[in-house]
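Below you will find one chain, with nothing else, as structure tokens; this is the form predicted on its own, and questions on how it binds or moves follow later.
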Amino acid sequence: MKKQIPYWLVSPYLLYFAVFVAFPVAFSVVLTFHSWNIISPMTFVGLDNYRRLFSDRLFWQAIYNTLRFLLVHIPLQIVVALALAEFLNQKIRGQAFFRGAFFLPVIVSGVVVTILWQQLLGFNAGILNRGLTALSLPRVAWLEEPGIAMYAIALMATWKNVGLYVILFLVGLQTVPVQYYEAADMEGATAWQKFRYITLPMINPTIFMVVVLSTIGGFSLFIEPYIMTEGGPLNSTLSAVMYIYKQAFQYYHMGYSATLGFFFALLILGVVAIQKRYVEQEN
């Protein structure tokens, strides 16, 4: 009886894993080979969904839009978060206040933040354009111009999430031994040299964590374009997750949606693997 106790203790987790992880994943893989609209029975279609994927121009445009978002969002988030963490790592007054202020947007609902920024970036009544008009400057179509709409969303997403990465970087900075900086000061090292040759190598694990989390979060882009632009204008802000969502719950192409999701998960895994190898080589 005693030998069975460990199995009983882990059985709740195993049951949870089987019901909410293993079964959904297995069902999704099976679904990629079928056509299903939820109502009618599934129809086996073989590799038709995969063939459709590689010829779906709108899906590849959504992938391109997502990558364009990441190319702005990740570097901007890392630079801003690391700069703010360096600022908070100094002996300044109101340090606790600034930490809370920077982290506050993270805990606010993404829908609320998106609506606030929608009011901020609106063309006719947006606060930014009102300020430009007051200065006799032309208004900017932040969310209506295909060339800049995704970059405006990237700016908003960075503001929303940067507080989390500030805390992560701050923890990493506080683990760097002070003796290294003292030795560098005795050698006459500049602030940049200390940052480049001491700080960056020492916080390499934190940098990798931030890059991976930012990448996964960026690939999951959905709420911001869904509320602010609905994927427009001209599908310029249509993210991959939004396209998968539309295929599933707007067009009821459940099999094709599962195929897109499966392929998209493999893409994220590949990008993260490349990032890991690159960060390790750089350090």
Partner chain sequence: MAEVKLVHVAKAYENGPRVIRDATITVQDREFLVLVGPSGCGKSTLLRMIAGLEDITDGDLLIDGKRMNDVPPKDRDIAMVFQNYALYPHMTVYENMAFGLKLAGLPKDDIRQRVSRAAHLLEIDALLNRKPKDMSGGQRQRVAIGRAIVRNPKVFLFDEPLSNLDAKLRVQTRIELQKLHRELNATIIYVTHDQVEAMTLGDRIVVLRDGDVVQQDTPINLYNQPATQFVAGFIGTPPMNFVPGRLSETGPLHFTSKGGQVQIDLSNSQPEARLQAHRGKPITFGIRAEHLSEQPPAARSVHEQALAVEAVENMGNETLVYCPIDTGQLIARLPAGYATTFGQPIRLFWNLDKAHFFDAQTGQAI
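Residue numbers count along the first chain shown, from 1. Because the structure is a prediction, the values reported are computed rather than measured.
Beyond the structure shown, there is the form predicted together with the partner chain, which is absent from this document and is the topic of what follows.
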property	result
Partner-contacting position among Leu104, Leu135, Met186, Val112 - heavy atom within 4.5 Å of the partner chain in the model of the complex	Met186
Listed residue (Phe208, Tyr197, Phe123, Phe87) with a non-hydrogen atom within 4.5 angstroms of the partner chain in the model of the complex	Tyr197
In the model of the complex, segment of 137-145, 151-159, 198-206, 71-79 with a heavy atom within 4.5 Å of the partner chain	198-206
is_contact(Thr175, the partner chain) in the model of the complex, heavy atom dist at most 4.5 Å	no
Partner contact for Tyr180 in the model of the complex: the partner chain, 4.5 angstroms, heavy atom	yes
Non-hydrogen atom contact Gln193 with the partner chain in the model of the complex at 4.5 angstroms	yes
Contacts with the partner chain in the model of the complex - residues in 122-156 whose heavy atoms fall within 4.5 Å	none
